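This document starts with one chain, in the form predicted alone, laid out as structure tokens.
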Amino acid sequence: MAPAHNGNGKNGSKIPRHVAIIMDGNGRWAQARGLDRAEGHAEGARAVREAVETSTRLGIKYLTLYAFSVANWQRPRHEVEALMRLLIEFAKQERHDLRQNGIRVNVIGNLEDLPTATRHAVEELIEYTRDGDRMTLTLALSYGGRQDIVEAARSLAVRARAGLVLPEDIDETFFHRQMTTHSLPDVDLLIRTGGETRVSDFLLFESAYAELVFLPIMWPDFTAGRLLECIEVYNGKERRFGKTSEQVQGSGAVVVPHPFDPLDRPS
């Protein structure tokens, strides 16, 4: 399999292949302005649009957004309903621009958990943008990293019990193929807004070697400039994946943790 590749940006900077973002702080942004939390989510949609446009322009190949976690179902009903309506609006309003710009929409998590109207709108968006080859925009919906790992393990257990899989066949790559993230490479850069410094059950398996950047701003305040700042931080890190600094600098080669590469994976 071919190793993950990071493109080059201006001034020789490396562009991370896969950027994942925990979009935290919509509700607090609204409350600080005397608004309903749902209005914060609506404003956050603008930040999503800017993040997608900027990522596409920079040449980022995979952008994954934590849109709705499994735990988010515990939020007040009116807030959940507002988020589901926003997903429908996003699917309908952005579909033409996404396809025109070569952006393919993908979903991780359990799409079946969503209300029927929301699920259909997202499914139609996925189908409408399926031929995009410039960037993959993945929405994490009703997603939990632990749940994804457990369900993959359960799937393998069922297949092993049926004699379809031998224990010695299971390695990291084989395991990853059972997860809803199977079409994604490892995360290079994980960003979280909102001032919290935790990953909140997001891409636990896939972010094992990701660079983490935590921002003190709320998600509606996220701009193209902020994304560029995060990439600058990423460029300031030496990614060793277990090797020494001398080994990495001496080889002159791009080092990757392991060969997760959806472009080379059999369907």
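For every residue, the number given is its place in the sequence shown, counted from 1. All figures in this text were calculated on a predicted structure; none of them were measured in a lab.
The protein also exists as the form predicted in complex with a small molecule; that form is not presented, and the subsequent description refers to it.
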Check your understanding: Candidate spot 18, 176 and 185, all three in 4.5 Å heavy atom range of the small molecule in the predicted bound form?
Key -> no
>> Is residue 69 part of the interface with the small molecule in the predicted bound form - any heavy atom within 4.5 Å?
In response: yes
Quick one: is residue 75 in contact with the small molecule in the predicted bound form, heavy atoms, 4.5 Å cut-off? yes
>> Just checking whether residue 192 would be counted as a contact of the small molecule in the predicted bound form - the rule being heavy atoms within 4.5 angstroms.
In response: yes
Exercise. Is there a non-hydrogen atom of residue 64 within 4.5 angstroms of a non-hydrogen atom of the small molecule in the predicted bound form?
Worked result: no
Exactly one listed stretch (50-58, 206-214, 26-34, 222-230) reaches within 4.5 angstroms of the small molecule in the predicted bound form by non-hydrogen atoms, and it is 26-34
In the predicted bound form, the residue from 79, 151, 113, 124 with a non-hydrogen atom within 4.5 Å of the small molecule is 79
In the predicted bound form, the residue from 156, 83, 105, 91 with a non-hydrogen atom within 4.5 Å of the small molecule is 83
